[in-house]
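Just one chain is shown here, as structure tokens, and it is the form predicted on its own.
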Amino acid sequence: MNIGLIGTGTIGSGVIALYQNNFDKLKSHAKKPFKLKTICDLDFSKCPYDLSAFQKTSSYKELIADPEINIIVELIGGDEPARTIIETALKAKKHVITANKLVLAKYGKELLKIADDNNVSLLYEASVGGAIPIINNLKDSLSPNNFKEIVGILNGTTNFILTKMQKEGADYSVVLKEAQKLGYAEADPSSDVEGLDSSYKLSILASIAFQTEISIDQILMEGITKISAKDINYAKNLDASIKLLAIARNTDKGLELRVHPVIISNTHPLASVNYVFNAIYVDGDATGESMFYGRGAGSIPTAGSVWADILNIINESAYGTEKKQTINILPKEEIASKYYIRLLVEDKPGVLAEISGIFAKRNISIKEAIQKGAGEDAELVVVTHTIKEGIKNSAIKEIKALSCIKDVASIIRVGI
């Protein structure tokens, strides 16, 4: 079988490196002969490996039209032309492998149907978790489960930032600059730090695990940009850490879907996942609790997942599109959590009483209240018992209108 590779950037270069350095190992797992025949890019100069053994083209249409090529590997990223490339290849009855979480989150339903209609496979292990083999495990060894929840640290950039803040006491803006300098964060980091990247990945995982169609706008999404060193210290006092978590939980009222920072107890296994590493915690009724841990990005680690998909196609062990079912997605305002709320307040008597009155009208119970500082530095931290998102929002709106409130500095959910 012949393979065509589109994109020789970070992941594409890793695919080439493994082909050149680990060919004997790859060959030992393949039931049929295979060859990486043609590579496609507009600029090959950034690939650090010898490309002399491959045919080259700058036209993806030319590569897809080659009747000798059976498998197309799309690794250019972004929306277009990646979506068009995948669709064109599938309609040409080529198997497709991609690491493109954006395209899968936005167009996965349509593309998987096209794959089915043309009796070919669309595989995407590398789209979530880099080297972590979570997608094939959800489809294979974990498939007997009715899943209770999937909780993941799915973005290395945000995990690096929050880990550094926790270990060094530095503020968000300082650590972000360091992450950019080290290449862990883009010049425009918004997709990572605002939670969009993790939301794309959650939509992919949840759609497989719960066998339903998920739109990105059904996911409650908040990023980490408002997390401060003060919040990190408050979490430490609770013997907890702050992590950006992607959560899909099956409840009796519907499927919760959310991506946001969480103050998570240090006894939970996800609390120990640090720096650029990713992890996915899975709880099912058959196998119980499992956690998958590894490098969530990087050239060679992610390329390993690409080659796993290639070998599945070569060995005719690729999975078909799973049947979908209709599941109620819980409205965002119905999602319930405990909340940590940090307020900058006037240094005068009665502040807590005013806030407590607003909470009491909505049957919001305060678990803990801490007043710190004086004068311009006066703060009030409130930790609530479990309340719904919509009720929290209405209470915060009224609290912001109080004359004694200078700012609602942070709102962070407590516990998974």
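Only a predicted model underlies this, so the values are computations on that prediction, with no experimental measurement involved. Numbers for residues come from their place in the sequence shown, where the first is 1.
The form predicted in complex with a further copy of the same chain exists for this protein as well; it is not shown, and the discussion that follows is about that form.
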Checklist line | Triplet Thr163, Val262 and Ser265 all within 4.5 Å of a further copy of the same chain in the predicted complex via a heavy atom | finding: no
Checklist line | Contacting member of Gly108, Gly223, Gly156, Gly294, with respect to a further copy of the same chain in the predicted complex [4.5 Å, heavy atom] | finding: Gly294
Note to self: I need to confirm a contact call. Of His29, Lys361, Lys372, Lys348, which residue comes within 4.5 Å of a further copy of the same chain in the predicted complex, counting heavy atoms only?
What the structure shows: His29
Check: Would Asp117 count as a contact of a further copy of the same chain in the predicted complex, using a 4.5 angstroms cut-off between non-hydrogen atoms?
Finding: no
Margin query: How about Glu80 - does it come within 4.5 Å of a further copy of the same chain in the predicted complex, if we only consider non-hydrogen atoms?
Written below: no
Notebook entry, point to check: Does Leu18 reach a further copy of the same chain in the predicted complex, with heavy atoms at most 4.5 Å apart?
Noted result: yes
Next item on the list: Find out whether any non-hydrogen atom of Gly304 is located within 4.5 angstroms of a further copy of the same chain in the predicted complex, and reply yes or no.
Entry: yes
Margin query: Using a 4.5 Å heavy atom cut-off, which of 67-75, 185-193, 172-180, 207-215 contacts a further copy of the same chain in the predicted complex?
Written below: 207-215
Notebook entry, point to check: Can you tell me which residues in 260-299 come within 4.5 angstroms of a further copy of the same chain in the predicted complex, by heavy atoms?
Noted result: Pro269, Ser272, Phe277, Asp285, Ala286, Thr287, Glu289, Ser290, Met291, Phe292, Tyr293, Gly294, Arg295
